[in-house]
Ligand SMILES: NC(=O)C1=CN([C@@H]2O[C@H](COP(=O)(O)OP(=O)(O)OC[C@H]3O[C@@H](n4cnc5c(N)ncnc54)[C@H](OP(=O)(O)O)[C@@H]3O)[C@@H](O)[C@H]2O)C=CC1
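Next up: a single chain in structure tokens, the form predicted alone.
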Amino acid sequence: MKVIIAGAGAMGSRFGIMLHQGGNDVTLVDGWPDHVNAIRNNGLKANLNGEDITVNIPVMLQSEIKADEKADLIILFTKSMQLDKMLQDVKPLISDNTKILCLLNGIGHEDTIEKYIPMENIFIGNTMWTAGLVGPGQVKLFGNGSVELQNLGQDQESAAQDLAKVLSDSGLNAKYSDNIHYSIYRKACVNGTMNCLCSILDVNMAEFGATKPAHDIVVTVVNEFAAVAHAEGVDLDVKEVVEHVESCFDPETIGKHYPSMYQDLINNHRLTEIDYINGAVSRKGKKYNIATPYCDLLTQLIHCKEDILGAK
């Protein structure tokens, strides 16, 4: 399968490596010149569960895209605020048969994607794999994960199941979901707690989990997400979601991991996706007349930190 990874940061690099190792024809696309040049010149270097590997995968800048060959599958891993621009840039690679799988953090991305591709070719999902960007052309990959995905178009369930099999054949543990919006909100609760709180407090997930107020903060934030989700027809099991979030605290699994927002903001002084996570809950809360004071404050605190660090 001809696969384009649109956004070859930490997670995009993980999927690119695993799909490449699974025998697919993979090309990485990214907008960061230093990263692209490092991969092009030295290969994509990864520490994979303690083993240092170098993988040679074709890579190109978004500005270099040509319509030489259409993609069978485009997996979106760009940052939420860069989604529209990425879709514009990869448009020459899209045919009538190209499928797009969106695995971005956050809520509501299908509204942007359907401007570029018919609904029957759009698939959305989420992933619980972890990855870290060490520097240009270097990533750290550890632990296990999974993918859930679902078709948005009518009568495309078999296509979604086929896509899940392609991912699973490369070790990505993908499965079809008949209620992906539940899973997306469930994951958004993880991002809406771990991402912003670790970034604000400058800690990893285990360190945050060891603080006395951690549980009460998580419960409050999850309840705000659940109230907004309910207004949109998604009923979260708050108790289960809180337990799911707090499983991230375990230092024996992923607790020592610094979430992607921390990596972007603290390590690389990049703008974050907060407006598509807690910020989205804040906006939807206003729309539905639901109070979301914790999400409101966390969104503003992250924006303060962006300003302080000169994030771009």
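Residue numbers run from 1 along the displayed sequence. Computed from a predicted structure; not experimentally measured.
The same protein also exists as the form predicted in complex with the named molecule; that form is not shown, yet it is the one meant from here on.
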Problem - 4.5 Å heavy atom contact, Met11 to the named molecule in the model of the complex - result: yes
Practice task
Please run the contact check for Tyr182 against the named molecule in the model of the complex: heavy atoms, 4.5 angstroms, yes or no?
Solution key: no
Practice task
Would you please decide whether Phe123 lies within 4.5 angstroms of the named molecule in the model of the complex, comparing each non-hydrogen atom pair?
Solution key: no
Exercise for the section: Tell me, yes or no, whether Phe77 is in contact with the named molecule in the model of the complex, where a contact means a heavy atom of each within 4.5 Å. Expected result: yes
Practice task
Only one of Thr130, Gln156, Thr112, Asn223 comes within 4.5 Å of the named molecule in the model of the complex by heavy atoms, so just point that one out.
Solution key: Thr130
Exercise for the section: Select from the listed residues Lys45, Arg270, Lys284, Arg40 the one whose heavy atoms reach within 4.5 Å of the named molecule in the model of the complex. Expected result: Arg270
Handout entry: Three-residue site Asp30, Lys187 and His257 fully in contact with the named molecule in the model of the complex at 4.5 Å by heavy atom
Key = yes
Exercise for the section: Quick one: find which of 215-223, 163-171, 97-105, 232-240 has residues within 4.5 Å of the named molecule in the model of the complex by heavy atom distance. Expected result: 97-105
Practice task
Scan 44-62 and write down, in order along the chain, each residue with a heavy atom lying within 4.5 Å of the named molecule in the model of the complex.
Solution key: Gln62
